[in-house]
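Listed next as structure tokens is one chain, alone, in the form predicted alone.
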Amino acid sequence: MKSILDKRPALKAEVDKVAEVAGYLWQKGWAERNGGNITVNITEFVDDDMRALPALTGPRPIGKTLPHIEGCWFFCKGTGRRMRDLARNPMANGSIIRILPGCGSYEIVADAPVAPTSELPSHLAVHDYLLTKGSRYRASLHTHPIELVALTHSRKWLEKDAATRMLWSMIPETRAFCPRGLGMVPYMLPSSVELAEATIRTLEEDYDVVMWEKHGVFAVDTDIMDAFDQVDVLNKAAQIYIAARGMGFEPEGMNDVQLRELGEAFGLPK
């Protein structure tokens, strides 16, 4: 069966990264059933022949007008689809969509008429925000990392930057590879407009990874692998903290002087 990825190696490489990350999410236990979502802005990989392709579906409403994504193309995990299946066959469990003039609707272009994630309006709102900021970020990831979610069941870690400071102190790589830390959003109804708006407000505070209380994380980065890496590093730090507590002691962590020295050595934001 012919695929839109045929003879488009750069686009195929991006979709293959999505499939690889989807496999990691399943293996880590962060993507139960059909949990989690991925959307990637693939506009830069779209050629003239792709732009001329007919749609597989008629226009579908986004639910809001997002003026900065007009003409953009996205690869999206399909609604109700499992990450383990996305890993195995991304084009049968995801879809490529293009945003139509007026920025209030989209159509599915390839390979199959798989409806994109039910959280598409929230994801597209984030991509719209990233474009308004001139950001290089093109990928968004929502997943359920076990230890990070566990932390949010304690009010202590929901205070602004409390979890960031603790996670940075567990292992130097956390400060080095997640220099903007972990933003916090209080519990809100999943897939709600309120949750999407709160996530964007938190990203505006200069976070790349946003924690949704008792739910999961939302991460953005230049590509889907980098977004995954940030969550992976933060969750490893949470695992170290929880392991120390399980051994019966409160971990000492790196002190402020050590963290400041690390920041200066790596040229990290303060």
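Start at 1 with the first residue shown and count on from there. Just so we're clear, the structure is a prediction, and the values are computed from it rather than from any experiment.
Form predicted in complex with a small molecule: not shown, discussed below.
- Although the partner is absent here, E119 sits close enough that one of its heavy atoms falls within 4.5 Å of the small molecule in the model of the complex.
- For the chain shown alone, G80 is a contact residue for the small molecule in the model of the complex, at least one non-hydrogen atom being within 4.5 angstroms.
- Taking non-hydrogen atoms only, H142 approaches the small molecule to within 4.5 angstroms in the model of the complex.
- Proximity of G35 to the small molecule in the model of the complex falls within the 4.5 Å heavy atom cutoff.
- Screening 70 to 78, 161 to 169, 148 to 156, 101 to 109 for residues having heavy atoms within 4.5 Å of the small molecule in the model of the complex returns a single hit, 70 to 78.
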